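The data below hold one chain only, encoded as structure tokens and taken in the form predicted alone.
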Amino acid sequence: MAKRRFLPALFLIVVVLLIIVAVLWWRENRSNDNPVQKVSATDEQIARGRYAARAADCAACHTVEGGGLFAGGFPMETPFGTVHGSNITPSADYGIGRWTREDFHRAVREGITPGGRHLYPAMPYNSYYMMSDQDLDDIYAYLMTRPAIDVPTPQNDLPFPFNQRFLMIGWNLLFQNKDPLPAVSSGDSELWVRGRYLTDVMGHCAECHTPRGMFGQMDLAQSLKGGTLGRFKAADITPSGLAERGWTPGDLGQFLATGTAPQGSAFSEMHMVVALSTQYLTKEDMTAMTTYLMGDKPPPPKVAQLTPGGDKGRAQYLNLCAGCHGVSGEGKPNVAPAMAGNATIRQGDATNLIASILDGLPEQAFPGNSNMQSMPGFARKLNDQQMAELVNYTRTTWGGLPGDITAAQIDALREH
């Protein structure tokens, strides 16, 4: 008797759930038939919008190498699959050509496009939420006055259930942030306040430099204390983390403006950040950013206590590395950065150092016509023990760190 009453109720629940899922799916996938927007802007507003778009690093995710500016397609590898940056040119069919000013504000701040389609948090709306109306209006005016590029955004490569965008409704309920990110330094000067906005909102630095939880949400209790970016790790950029690796506000500003500093050169995603964003900041904004990152009263840079490395590691270094980095680790301009004082070597977590030696690094150009030659990978030239000896030699000789990297750690980072 009870079974007879239960089955109809279960059937009704299933039908209701299927209807809800169908409605949500339709809502996420319907086309936008709004009229094409005609936007005009003064040269002054377009210039402001270009500056704001660069400060927000829009091109990094919305432009693929060899493609049109803002035409989308850049693949972002996440633990859940690959998400492609979308076309944000004024294309009516593939871009934001039918978006109103209000649509644009909501998409950037809340991750919801016209019609209710949810963006994945690869779009840093949790950081952009505090973006000012002025900056949003200027970026919108700038983008909508660029040439429309009619190129569809590639399909994301996400397995089920992550390919169901309506699940972002639940994610947003749990993790969407509508408060200022926690301050990582102390200060109250005008530069510090401006720098906090540039770092936390426009530059959305926390999105890469903050560890994430199992659902991909930022762990804001550890804001800017370092995150994982695929093969490499984004460094700890809190004042103590920066000072630990020898950074000063002046050197940090030089690094963000040019990609090079006494502490080394930018590589991987950080090279893109410099190339597409931070090099264009005004001197005042650059000072503001470094003021926030290190505080109104920056901690003094830590002096590394160096000790001579082991003979086996030194032999590997002289054989493979000294030709470019110098016998004494002094580096060569436009060839290879110095080992002495290198922030990557001084990083306690040796992942970036090991991955660089295993895989090598591509040739990279920097603002001001400077350059770094490509670095070959040595994964096939050194076994795990030899690699560990080389890594430990650099850590003790120039990093002031213990030579405690094991062959097992090297093996774990090899791409088998």
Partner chain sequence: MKITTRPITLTINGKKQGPLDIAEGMMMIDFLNEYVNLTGSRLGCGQGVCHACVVIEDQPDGSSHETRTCITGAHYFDGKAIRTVEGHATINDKGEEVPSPVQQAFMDHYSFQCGYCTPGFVNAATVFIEGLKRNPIARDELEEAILKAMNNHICRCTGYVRYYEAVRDLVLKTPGLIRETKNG
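Please read these numbers as outputs of a predicted model, since none were measured by experiment. Positions refer to the first chain, counted from 1.
What follows is about the form predicted in complex with the partner chain, which we do not show.
- Put simply, Lys381 is close to the partner chain in the model of the complex: some heavy atom of it is within 4.5 Å.
- Remark: Pro362 does not count among the residues lining the partner chain in the model of the complex, judged by a heavy atom distance of 4.5 Å or less.
- By the criterion of a heavy atom within 4.5 Å, Arg314 is counted among the residues contacting the partner chain in the model of the complex.
- Although the partner is absent here, Pro376 lies within 4.5 Å of the partner chain in the model of the complex, judged by heavy atoms.
- Contact annotation: the partner chain lies within 4.5 Å of heavy atoms from the stretch 319 to 327 in the model of the complex, the single such stretch among 144 to 152, 319 to 327, 260 to 268, 118 to 126.
- With the partner omitted from this view, the residue of Ala183, Leu229, Val335, Leu306 that lies near the partner chain in the model of the complex is Val335 [heavy atom within 4.5 Å].
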